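Two forms, one chain: they're shown below as structure tokens, one block per form, named structure 1 and structure 2.
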Structure 1
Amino acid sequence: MVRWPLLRVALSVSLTVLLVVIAVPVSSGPAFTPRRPIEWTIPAGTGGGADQQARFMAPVIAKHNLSPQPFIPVNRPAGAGAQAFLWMIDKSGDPHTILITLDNLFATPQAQVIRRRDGGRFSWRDLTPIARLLLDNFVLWVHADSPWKTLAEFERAAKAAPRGSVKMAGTGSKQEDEIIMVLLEQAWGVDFNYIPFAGGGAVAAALVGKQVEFTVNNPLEAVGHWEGGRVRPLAIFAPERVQFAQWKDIPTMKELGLNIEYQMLRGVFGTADMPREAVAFYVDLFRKLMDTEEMADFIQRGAFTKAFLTGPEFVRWLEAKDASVRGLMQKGGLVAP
């Protein structure tokens, strides 16, 4: 004899269990875990800001066990970063290759035509945005032995000098350093002589060696020389003073009456068509990395602006930054025909 009430109860319990099983996803561990070392491509030479940042961060990632595999920085500076960008395109879909970015990601495709394998023209949209980490600043540096103690003194000297006689060292050609130089030329009505180098380290060395009269090196690229008494900062191109240690004493260009400011991206991109699971892994990793004490010290020493950003907000920021760089390059006559 069937006991219908008991059967109904049993069926009800079974259905409830089934619904719970359906509703709760099965745990299968991390969606993506690196299986081999991660190549961290650097689109610039050794000693510059991007190179120093990647080589500082890689061991910090290992120290805090943020990745089961090491990060291996590799410099690919040829063509003002074009070599690195094409490398990232050729590694399409590879979750074990990432790029540390600076503003040559926007400037180089404007200054020269970079063709993908399919013949299309490369832009940052061909890569996978992961995260904006920092905004890097620029400082106008002169040699510590130079007669110019203030920006006003340097401006007067530049206006009095024969055109093209005052030399500036910068990273690459038609990149952010040269963009800033052109803005200064237009503001003061002068002509400087731009001398390109492969990276910020070589640029700083050129000023220390008195091969040039000035640079606009990023703080991290010149801080060692400043602390060693070899160079002198005159002004910073940030929207406001950097409130760290000795940096807070450097006036902004706007404070000194010059309406010029410029900050550079320090972020991370993945290869074209990088899997979403890998993007999520790197976003989580870099979010944790940015909260370490080591990064706090790094940010202060290099006078960076901490500016972590991901997702759609990061993409919108990239679109605005790209338009800004393009406009500045067009104004300076630096865009490829």
Structure 2
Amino acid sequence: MVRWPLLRVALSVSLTVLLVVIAVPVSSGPAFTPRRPIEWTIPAGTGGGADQQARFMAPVIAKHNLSPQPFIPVNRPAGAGAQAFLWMIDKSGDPHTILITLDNLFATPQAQVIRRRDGGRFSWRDLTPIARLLLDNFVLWVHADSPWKTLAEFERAAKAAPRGSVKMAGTGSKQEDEIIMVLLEQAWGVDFNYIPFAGGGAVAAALVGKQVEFTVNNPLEAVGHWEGGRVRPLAIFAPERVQFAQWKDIPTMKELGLNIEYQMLRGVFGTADMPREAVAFYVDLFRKLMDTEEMADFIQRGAFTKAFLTGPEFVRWLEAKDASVRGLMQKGGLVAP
């Protein structure tokens, strides 16, 4: 009868271990607080729009004590974002890794097939949506020395010019800028000449240096040149005018009779299968962040549309956005075969 107690001890020990193993994740409780620095993945290189925003927001978060641990921006620019997206899947379930997005989250998986490690095709649904923060606008800019004072004048010139002689500079290939150009081409029945550059700064420089006739730079990328009297905005691709000082005089495409609208998502996503408590923590954090004075100032200077949105409405918005980007890219012949 020596065996019984031994077996019982063994059984109860293994049961306890099992219970502890099961209980630990549960007991991490309803409230999540980060225990280690949060890695903020940027699916683009240093100096770009997403990079600037993450590096702007991280210290504001620290300044207002919104998180007990710092946010550390880490660039993963490979494959037009593909490397960063796959990283977020590799980190599945990790509550300490988040992603700032730009529209390559929608465009890159259309322009090329990104395979997950398990062979499936990647889409934004693999990640955990946290919040939409801002919508970045696009403005049609021409050089200040050009004869075109209004969109109508530019349209007339574009239609009169020989095919492909009007040049546009844009960021990357098969991304937002090219999508917008294709929309314009189709609306006017013209053929522009698209020249890809590595970043928004280089694109703006190409216009200022009169290498090209126009760009669709984001406001923040071109505002300095505008103030310096080197470029002129003709129209904004937003659904309505931006209601800030100098920006409110720029007419929307719609007002001018062109049904073209494009805004870029500046949002935050969590790793695949991020615990619900962690998502709640980040939602709360970013809601508070958006109400800070620094963000208000940043939004005004960059002529962003403040657009905080979370939960099911955010997901619905994402579905619509994804469908629209896909539709636009199909229309423009920019999708992967």
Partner chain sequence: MDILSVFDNLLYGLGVALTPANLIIAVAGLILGTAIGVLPGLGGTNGVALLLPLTFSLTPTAAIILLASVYWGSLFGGAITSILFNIPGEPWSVATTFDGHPLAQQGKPGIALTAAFTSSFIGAFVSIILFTFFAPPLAEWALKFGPPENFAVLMLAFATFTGLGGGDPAKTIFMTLLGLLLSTVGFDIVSGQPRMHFGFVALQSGVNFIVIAIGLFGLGEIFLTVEEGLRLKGIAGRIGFRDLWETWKMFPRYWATIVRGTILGFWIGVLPGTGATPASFMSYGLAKQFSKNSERFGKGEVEGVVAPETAAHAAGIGALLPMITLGIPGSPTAAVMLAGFFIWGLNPGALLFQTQREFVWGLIGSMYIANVIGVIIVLTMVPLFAAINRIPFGVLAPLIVILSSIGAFAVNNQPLDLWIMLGSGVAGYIFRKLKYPLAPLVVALVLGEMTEQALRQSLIMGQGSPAIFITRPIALVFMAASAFLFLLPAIRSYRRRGPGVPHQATAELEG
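If you're wondering where the values come from, they're calculated on a predicted model, not measured in any experiment. For the two forms, the rigid core is made up of the largest set of C-alpha atoms that agree within 1.5 Å on superposition. Numbers follow structure 1, counted from its first residue as 1.
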Which block is the form predicted in complex with its partner chain? Structure 2
Ser123: Cα shift of 2 Å or greater between the two structures (core-aligned)
no
Legend entry - Exceeds or equals 2 Å, Cα of Leu265 between the two structures, core fit: no
Does the distance between the two CA positions of Asp94 reach 2 Å or more between the two structures, the core being superposed? no
Between-form comparison on the rigid core puts the Cα shift of Leu256 between the two structures, in Å, at 3.2
